[in-house]
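One chain comes next, on its own, written as structure tokens: the form predicted alone.
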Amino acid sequence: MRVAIAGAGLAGLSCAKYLTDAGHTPIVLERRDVLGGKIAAWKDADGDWYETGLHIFFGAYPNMLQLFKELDIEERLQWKQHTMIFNQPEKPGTYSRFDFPDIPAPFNGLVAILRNNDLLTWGEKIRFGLGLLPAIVRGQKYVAEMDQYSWSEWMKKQNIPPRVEKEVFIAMSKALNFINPDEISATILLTALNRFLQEKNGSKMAFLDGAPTERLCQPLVDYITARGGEVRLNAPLKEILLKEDDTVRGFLLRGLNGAEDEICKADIYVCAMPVDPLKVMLPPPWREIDHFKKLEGLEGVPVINLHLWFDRKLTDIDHLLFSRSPLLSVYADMSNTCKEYANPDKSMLELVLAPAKDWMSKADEEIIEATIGELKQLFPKHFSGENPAKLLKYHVVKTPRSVYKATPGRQACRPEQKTPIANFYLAGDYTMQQYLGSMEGAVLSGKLAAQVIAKDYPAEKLTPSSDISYLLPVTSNP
């Protein structure tokens, strides 16, 4: 069967990949001229890449790692030392580490926490450990129930000292969902902590060896097209057209550069766009259906990603760093961490500004000026004296709506991939799956959507109609 998929991010491409495995024929439609959605990347005039975000792959991403294996590109993941590194604002230019020993979980995580004496006292560690016991003992059921609380509220409920939040979890909260602990659902951080504690390499991190569009998305496209599928760029969805019974009769695609609009016809339709444009695109008859109505409780969070090239090396650390600064959440020197971006003499810092809501309307120059102010605290020896580090160039990438904002209560707003509309399905990290808003969540959502389609429409029982033209001018009679 032909399956039209709107959106060529990880959710849409993963859905298409697994549909081809199930014997279906996907056609992926992307509104932009670049693959990847929230992991898109572009080359500038100098041939340097800049990305939508700082993308980290965790050992606790089983579906993502399986996808790399199935595409035969596992070597493109550059695994780093099993550690978590935090800046120490009270000691500019210094770091505090949580080093995980090579022993089974959860003991490796407990040792990493107990050996770190820079951030937390022994009393704080013990009280945090006691507060975390219900999540460890009761597992995911307890974690899901805690969606009624913010992380700050949960910590207070568990009698965990506020300094634990300040020293560790402001940084982690901003890294996971780009918002602060008093906003983020406790479920988000508890989910991450559970995975990190239960899996030996759950918190181990990897960087891709190049730009995500080339090193991950393009192999997905090659896999899909080699098996009869299609991926089209510059094919924006304009409207979801309905039949009399309110099922989908086609995707209306907006014609670009003076071209006519087109109707993409298929047997099955999948929306793999982010939740915000989906809400705008919903046909009026669907808006009162509970499955779609609850989407009003979801919205993307604004994010700003920064790329700064300097005339010298600022650090030799080959890892992700938690900045613990008021403005920035996480950063990495990509000239150290990424093979394609490597430079032994100069640094290219990629940083995430969060929370970004108050910065979205500000000029790039103002954002960079504020960022340099923060970097002077992180790298004091390089930005003082008679010969401070020189900024050679920069890129500011603003994403007004990124992953869904995971405030308390959002779990109840997340829809299943299967909808009440017989030939319409959803994929996206905002849909219901256990990995929340992340690359892993996007891949899993696409896989789940493909699985439910394959269950509803087994390929071996179908005979695709070869006489149906699936791409028609809008003036044609559909």
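Numbers for residues come from their place in the sequence shown, where the first is 1. Only a predicted model underlies this, so the values are computations on that prediction, with no experimental measurement involved.
Beyond what is shown, the protein has a form predicted in complex with a small molecule; the following relates to that form.
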{"item": "A6, M281 and S438 each touching the small molecule in the predicted bound form (heavy atom, 4.5 Å)", "value": "yes"}
{"item": "Residue (of I56, L65, C413, I27) lying close to the small molecule in the predicted bound form, criterion heavy atoms within 4.5 Å", "value": "I56"}
{"item": "In the predicted bound form, segment of 413-421, 449-457, 430-438, 41-49 with a heavy atom within 4.5 Å of the small molecule", "value": "430-438"}
{"item": "In the predicted bound form, I184 touching the small molecule (heavy atom, 4.5 Å)", "value": "no"}
{"item": "Any non-hydrogen atom of A272 within 4.5 angstroms of the small molecule in the predicted bound form", "value": "yes"}
{"item": "Partner proximity in the predicted bound form: K69 to the small molecule, non-hydrogen atom cutoff 4.5 Å", "value": "no"}
{"item": "Distance check, T213 to the small molecule in the predicted bound form, heavy atom within 4.5 Å", "value": "no"}
